[in-house]
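Quick setup: one chain, the form predicted on its own, written in structure tokens, and binding and motion questions come after.
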């Protein structure tokens, strides 16, 4: 891989091909469901060896300085494969630490590559802080070496070791057993690796995380649709493949349109985020909402299009549905996300009228 400043920018489609090959070889969709909670450790190690954690990090800290659109295909392919790891947690933290622009933050970025740090971001709601906080479900916590704690209100942020006094982590079980989640309790945490200005860190941390979920959802929805159509082409009813029934063809076509519409917004939001263009924060949230809705709708209908057997162990639709439902609620419900961006969306709509 060559530095972006050498005019040798990595081709996103090359990253897609590399991700597809690795994930096809390493991912077992049912690993977490069959009592193998460490299924993602080998995959994460391979990602580190391939330099994925360095992709978007600044060259000054040992990274490759690539734009976000080089990372996006990896997130999409991970969604297709139902990958069991949280690459996006550490990658969002790297982006946020880079935005902080401090020497301590730069050292933390380098530690991801040289010391194998894995960082789980925490956005604390109003009223919570390092002195007292409790979050019931945080992606990637069980395997994290550090927490990037950011207060939504108050402007405070800090990087904290997962083993620091006052930090209590516990693995939690969700609908989606294919990925790791954990609870976090903070109590009078004073031992921090570095302190950060949350006003600089929070928007980047949140936008990167939401775009990662959006791409994961686009990948999952597209794969769920492809597997559903394949099943419909093979299943016979009244001497015909059910894929030939007009009503079912229309349902599949409607999902295809919804997924491609969401993909267009996610591509646009990713492009704007990469250059921090106008309304990049709002677009990231809107893209996540639309992509997650398309994924949930596709996965839910897949159960029916499989004739109900989609909820049996022998078939995959229930795995996609559970992943889609969890994607919808990470970091806030769809209604909470809409409330967060409503004022900005209304402002843009009013400005376009003048």
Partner chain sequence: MSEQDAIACLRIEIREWLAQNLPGNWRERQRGDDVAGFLAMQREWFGKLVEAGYATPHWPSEWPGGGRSLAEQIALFEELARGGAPRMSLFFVSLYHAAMTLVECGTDAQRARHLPAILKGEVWCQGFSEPGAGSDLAALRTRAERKGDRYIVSGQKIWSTLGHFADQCLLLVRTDSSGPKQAGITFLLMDMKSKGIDVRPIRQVTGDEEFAEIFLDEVEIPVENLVGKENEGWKVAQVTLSSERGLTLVELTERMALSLWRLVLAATGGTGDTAALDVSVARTVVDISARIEAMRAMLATLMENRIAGREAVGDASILKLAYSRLSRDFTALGLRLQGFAAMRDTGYVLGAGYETGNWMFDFLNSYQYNIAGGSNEIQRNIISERVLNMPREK
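Positions refer to the first chain, counted from 1. All values derive from a computational prediction rather than experimental measurement.
Omitted here: the form predicted in complex with the partner chain. The next part is about that form.
Residues placing heavy atoms within 4.5 Å of the partner chain in the predicted bound form fall in a single listed stretch, namely 256 to 264, out of 256 to 264, 195 to 203, 160 to 168, 108 to 116. Although the partner is absent from the chain shown here, none of 50, 150 and 156 has a heavy atom within 4.5 Å of the partner chain in the predicted bound form. Checked against the partner chain in the predicted bound form, the candidates 327, 286, 54, 61 yield a single residue with a heavy atom inside 4.5 Å, and that residue is 286. Taking 137, 177, 229, 133 one by one, only a single residue has any non-hydrogen atom within 4.5 Å of the partner chain in the predicted bound form, and it is 229. For residue 341, a non-hydrogen atom is located within 4.5 Å of the partner chain in the predicted bound form, even though that partner is not displayed. Contact annotation: residue 335 falls within 4.5 Å of the partner chain in the predicted bound form, judged by heavy atom distances.
Using a 4.5 Å cutoff between non-hydrogen atoms, residue 8 does not count as a contact of the partner chain in the predicted bound form. Although the partner is absent here, residue 276 is not a contact residue: none of its heavy atoms lies within 4.5 angstroms of the partner chain in the predicted bound form.
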